[in-house]
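What follows is one chain in C-alpha coordinates, specifically the form predicted alone.
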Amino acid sequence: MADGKTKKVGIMGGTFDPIHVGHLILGEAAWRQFHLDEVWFLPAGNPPHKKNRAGRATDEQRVDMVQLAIQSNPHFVLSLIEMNPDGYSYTYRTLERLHSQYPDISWYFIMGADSLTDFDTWREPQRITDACQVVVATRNQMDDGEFQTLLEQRKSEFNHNFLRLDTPNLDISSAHLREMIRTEESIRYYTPDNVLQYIIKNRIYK
(Lines give C-alpha, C1' and ligand atoms only; values in the text may rest on other atoms or scores of the structure.)
Protein backbone atom coordinates (compact mmCIF):
# COMPACT_ATOMS: atom_id res chain seq x y z
CA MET A 1 0.00 0.00 0.00
CA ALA A 2 1.45 3.35 -1.02
CA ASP A 3 1.86 6.04 1.65
CA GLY A 4 -1.12 8.35 2.00
CA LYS A 5 -3.49 6.07 0.10
CA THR A 6 -6.49 4.22 1.48
CA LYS A 7 -5.93 0.50 1.83
CA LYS A 8 -7.98 -1.49 -0.70
CA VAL A 9 -9.28 -4.89 0.36
CA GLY A 10 -11.33 -7.40 -1.61
CA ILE A 11 -13.94 -9.61 0.04
CA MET A 12 -14.62 -13.19 -1.02
CA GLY A 13 -17.59 -14.63 0.87
CA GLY A 14 -19.12 -18.09 0.72
CA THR A 15 -19.55 -21.37 2.51
CA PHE A 16 -16.38 -22.76 0.86
CA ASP A 17 -17.66 -26.33 1.30
CA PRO A 18 -15.06 -27.03 -0.04
CA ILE A 19 -12.98 -24.10 -1.29
CA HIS A 20 -11.75 -24.72 -4.85
CA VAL A 21 -9.49 -23.23 -7.51
CA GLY A 22 -12.33 -21.14 -8.96
CA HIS A 23 -12.51 -19.17 -5.69
CA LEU A 24 -8.74 -18.68 -5.65
CA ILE A 25 -8.48 -17.61 -9.29
CA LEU A 26 -11.32 -15.13 -8.78
CA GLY A 27 -9.63 -13.60 -5.73
CA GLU A 28 -6.27 -13.36 -7.49
CA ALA A 29 -7.79 -11.80 -10.61
CA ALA A 30 -9.55 -9.12 -8.54
CA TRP A 31 -6.35 -8.42 -6.59
CA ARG A 32 -4.46 -7.89 -9.82
CA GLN A 33 -7.05 -5.95 -11.86
CA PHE A 34 -8.08 -3.51 -9.12
CA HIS A 35 -4.64 -3.21 -7.47
CA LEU A 36 -5.93 -4.45 -4.14
CA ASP A 37 -3.67 -4.67 -1.11
CA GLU A 38 -5.33 -7.85 0.17
CA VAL A 39 -8.23 -10.20 -0.48
CA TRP A 40 -10.06 -11.48 2.58
CA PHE A 41 -11.85 -14.84 2.52
CA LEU A 42 -14.92 -14.85 4.77
CA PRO A 43 -16.38 -18.33 5.38
CA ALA A 44 -20.05 -18.07 6.31
CA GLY A 45 -21.19 -19.69 9.53
CA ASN A 46 -23.93 -22.31 9.54
CA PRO A 47 -27.01 -21.66 11.69
CA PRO A 48 -27.19 -23.84 14.81
CA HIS A 49 -30.00 -25.98 13.36
CA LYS A 50 -27.89 -26.73 10.26
CA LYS A 51 -24.54 -27.50 11.90
CA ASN A 52 -22.84 -30.82 11.23
CA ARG A 53 -25.17 -31.75 8.37
CA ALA A 54 -24.61 -35.15 6.79
CA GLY A 55 -22.38 -34.96 3.75
CA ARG A 56 -21.07 -31.50 4.64
CA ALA A 57 -17.96 -30.21 6.36
CA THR A 58 -18.22 -28.72 9.84
CA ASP A 59 -17.60 -25.01 10.36
CA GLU A 60 -14.16 -25.83 11.76
CA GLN A 61 -13.27 -28.01 8.78
CA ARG A 62 -14.33 -25.34 6.29
CA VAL A 63 -12.17 -22.78 8.08
CA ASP A 64 -9.24 -25.22 8.09
CA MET A 65 -9.63 -25.81 4.33
CA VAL A 66 -9.68 -22.08 3.55
CA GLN A 67 -6.58 -21.58 5.68
CA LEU A 68 -4.78 -24.39 3.86
CA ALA A 69 -5.83 -23.10 0.43
CA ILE A 70 -4.61 -19.54 0.94
CA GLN A 71 -1.58 -20.03 3.20
CA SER A 72 0.98 -19.74 0.40
CA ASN A 73 -0.44 -16.44 -0.90
CA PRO A 74 0.84 -13.40 1.06
CA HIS A 75 -2.07 -11.15 0.03
CA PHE A 76 -4.85 -13.63 0.87
CA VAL A 77 -6.25 -13.35 4.41
CA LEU A 78 -8.71 -15.48 6.39
CA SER A 79 -11.38 -13.53 8.28
CA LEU A 80 -13.81 -15.16 10.71
CA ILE A 81 -16.13 -12.16 10.94
CA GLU A 82 -19.05 -14.18 9.52
CA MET A 83 -18.43 -17.25 11.70
CA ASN A 84 -20.83 -16.06 14.38
CA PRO A 85 -22.87 -18.18 16.81
CA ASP A 86 -26.13 -17.35 15.03
CA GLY A 87 -24.96 -18.67 11.68
CA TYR A 88 -25.36 -16.86 8.36
CA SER A 89 -24.77 -13.12 8.30
CA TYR A 90 -26.43 -10.71 5.91
CA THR A 91 -23.88 -9.14 3.58
CA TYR A 92 -24.93 -5.57 4.39
CA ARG A 93 -24.41 -6.20 8.11
CA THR A 94 -20.96 -7.68 7.55
CA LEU A 95 -19.90 -4.76 5.35
CA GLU A 96 -21.19 -2.14 7.80
CA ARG A 97 -19.43 -3.94 10.64
CA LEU A 98 -16.17 -3.99 8.66
CA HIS A 99 -16.59 -0.27 7.96
CA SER A 100 -16.98 0.38 11.66
CA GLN A 101 -13.96 -1.72 12.64
CA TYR A 102 -11.68 -0.58 9.80
CA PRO A 103 -12.76 2.93 8.74
CA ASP A 104 -9.57 3.52 6.70
CA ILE A 105 -10.16 0.58 4.32
CA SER A 106 -11.95 0.77 0.97
CA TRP A 107 -13.85 -2.51 0.48
CA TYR A 108 -14.36 -4.37 -2.81
CA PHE A 109 -17.08 -7.03 -2.61
CA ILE A 110 -16.47 -9.74 -5.23
CA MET A 111 -19.41 -11.65 -6.71
CA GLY A 112 -20.29 -13.69 -9.79
CA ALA A 113 -22.65 -12.61 -12.54
CA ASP A 114 -25.23 -15.09 -11.26
CA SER A 115 -25.38 -13.15 -7.98
CA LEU A 116 -25.84 -9.89 -9.87
CA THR A 117 -28.89 -11.39 -11.59
CA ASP A 118 -30.83 -11.63 -8.34
CA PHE A 119 -28.99 -8.86 -6.45
CA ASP A 120 -32.19 -6.80 -6.16
CA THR A 121 -33.72 -9.60 -4.03
CA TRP A 122 -30.88 -9.56 -1.48
CA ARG A 123 -31.52 -8.11 1.96
CA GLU A 124 -30.84 -4.33 1.86
CA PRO A 125 -28.99 -4.23 -1.50
CA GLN A 126 -28.73 -0.43 -1.40
CA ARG A 127 -26.87 -0.61 1.91
CA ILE A 128 -24.45 -3.08 0.30
CA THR A 129 -23.64 -0.71 -2.56
CA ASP A 130 -23.34 2.20 -0.11
CA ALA A 131 -20.74 0.27 1.90
CA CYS A 132 -18.39 -0.97 -0.83
CA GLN A 133 -17.37 -1.20 -4.44
CA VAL A 134 -19.14 -4.17 -6.04
CA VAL A 135 -16.93 -6.24 -8.35
CA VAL A 136 -18.73 -8.62 -10.70
CA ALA A 137 -17.00 -11.50 -12.48
CA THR A 138 -18.16 -12.48 -15.94
CA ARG A 139 -19.57 -15.96 -16.44
CA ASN A 140 -18.80 -18.12 -19.43
CA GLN A 141 -22.46 -19.13 -19.55
CA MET A 142 -23.70 -15.53 -19.90
CA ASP A 143 -23.59 -13.68 -23.22
CA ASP A 144 -21.32 -10.63 -23.06
CA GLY A 145 -24.03 -8.28 -24.30
CA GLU A 146 -26.49 -9.67 -21.75
CA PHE A 147 -23.93 -9.23 -18.99
CA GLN A 148 -23.20 -5.62 -19.95
CA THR A 149 -26.92 -4.82 -20.11
CA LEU A 150 -27.40 -6.26 -16.62
CA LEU A 151 -24.46 -4.21 -15.30
CA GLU A 152 -25.95 -1.00 -16.70
CA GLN A 153 -29.37 -1.89 -15.27
CA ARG A 154 -27.98 -2.38 -11.79
CA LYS A 155 -25.90 0.81 -12.05
CA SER A 156 -29.09 2.75 -12.80
CA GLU A 157 -31.15 1.07 -10.09
CA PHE A 158 -28.65 1.60 -7.28
CA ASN A 159 -26.79 4.70 -8.51
CA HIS A 160 -23.60 2.71 -8.09
CA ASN A 161 -20.74 1.88 -10.44
CA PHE A 162 -20.64 -1.91 -10.51
CA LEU A 163 -17.13 -2.90 -11.61
CA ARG A 164 -16.56 -5.60 -14.21
CA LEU A 165 -13.93 -8.21 -13.42
CA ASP A 166 -12.60 -9.46 -16.74
CA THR A 167 -11.70 -13.06 -16.09
CA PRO A 168 -13.21 -16.41 -17.05
CA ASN A 169 -15.20 -17.68 -14.07
CA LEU A 170 -14.48 -21.40 -14.04
CA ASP A 171 -17.64 -23.47 -14.05
CA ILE A 172 -16.83 -25.28 -10.80
CA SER A 173 -19.21 -25.53 -7.87
CA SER A 174 -18.62 -26.85 -4.37
CA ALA A 175 -21.85 -28.85 -4.67
CA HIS A 176 -20.49 -30.62 -7.75
CA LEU A 177 -17.23 -31.42 -5.99
CA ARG A 178 -19.11 -32.89 -3.01
CA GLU A 179 -21.06 -35.11 -5.39
CA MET A 180 -17.86 -36.20 -7.16
CA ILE A 181 -16.35 -37.23 -3.82
CA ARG A 182 -19.51 -39.13 -2.87
CA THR A 183 -19.35 -41.07 -6.15
CA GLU A 184 -15.59 -41.64 -5.71
CA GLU A 185 -14.52 -39.49 -8.65
CA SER A 186 -11.18 -37.68 -8.41
CA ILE A 187 -11.26 -33.94 -7.64
CA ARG A 188 -7.51 -33.60 -8.14
CA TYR A 189 -6.63 -30.13 -9.53
CA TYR A 190 -10.10 -28.82 -8.68
CA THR A 191 -8.82 -27.84 -5.24
CA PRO A 192 -5.27 -27.35 -3.88
CA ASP A 193 -3.41 -30.56 -3.03
CA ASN A 194 -3.23 -29.80 0.69
CA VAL A 195 -7.01 -29.26 0.79
CA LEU A 196 -7.57 -32.52 -1.09
CA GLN A 197 -5.35 -34.39 1.38
CA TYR A 198 -7.26 -32.83 4.29
CA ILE A 199 -10.58 -33.97 2.79
CA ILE A 200 -9.26 -37.51 2.30
CA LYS A 201 -7.68 -37.72 5.77
CA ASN A 202 -10.85 -36.54 7.51
CA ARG A 203 -13.22 -38.47 5.22
CA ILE A 204 -15.29 -35.36 4.53
CA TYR A 205 -18.27 -35.63 2.15
CA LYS A 206 -18.30 -39.43 2.28
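Keep in mind that what you see is a predicted model, and the values were worked out from it rather than measured. Start at 1 with the first residue shown and count on from there.
Keep in mind the form predicted in complex with a small molecule is missing from the figure; the text below concerns it.
Here the chain stands by itself, but in the model of the complex one stretch of 72-80, 105-113, 89-97, 125-133, 105-113, has heavy atoms within 4.5 Å of the small molecule. The small molecule in the model of the complex comes within 4.5 Å of a heavy atom belonging to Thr15. The small molecule is not shown here, but in the model of the complex it comes within 4.5 Å of a heavy atom of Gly22. Contact annotation for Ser173: at least one heavy atom lies within 4.5 Å of the small molecule in the model of the complex.
By the criterion of a heavy atom within 4.5 Å, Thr138 is counted among the residues contacting the small molecule in the model of the complex. A single residue from the set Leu26, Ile181, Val66, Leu36 has any heavy atom within 4.5 angstroms of the small molecule in the model of the complex; that residue is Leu26.
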